[in-house]
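What follows is a single chain, given as structure tokens, in the form predicted on its own.
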């Protein structure tokens, strides 16, 4: 929500970001989309965090209206929709990688693969480039 809109808290760029993805579900949906290759409603529902279907529907609609994702009909099954990240959404990949690395570094029970941590430490920019290339277009 831009600062010139009435509900904006301030013109701070962090506040702007939090207005778009500052709840506990939105970044997890983006994680699944950008890092785990999920693109269908049911796939997002199957994530280990167990998001409720009404909350998922709301967050997907919010991400779409914010221009972070697009929604298209699945050509192989017209009853389903496919969600894809836009450039604006893909630009959040480094944020997700930083959060994942921070969590992996500070959570003694982390589920982060050791390969991810090693790749981050050895070549962060190479890791980001590889992950960006793996995102479904």
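These numbers come from a predicted model, not from an experiment. Residue numbers count along the first chain shown, from 1.
There is also a form predicted together with the DNA; it is not shown, and the following applies to it.
In the predicted complex, no heavy atom of residue 21 sits within 4.5 Å of the DNA. Interface membership of residue 42, defined by any non-hydrogen atom within 4.5 Å of the DNA in the predicted complex, is confirmed. In the predicted complex, the DNA stays beyond 4.5 Å of every heavy atom belonging to residue 47.
Taking the partner from elsewhere, residue 70 is found to have every heavy atom lying beyond 4.5 Å of the DNA in the predicted complex. The contact residue chosen from 105, 66, 86, 81 relative to the DNA in the predicted complex is 81, the criterion being a non-hydrogen atom within 4.5 angstroms.
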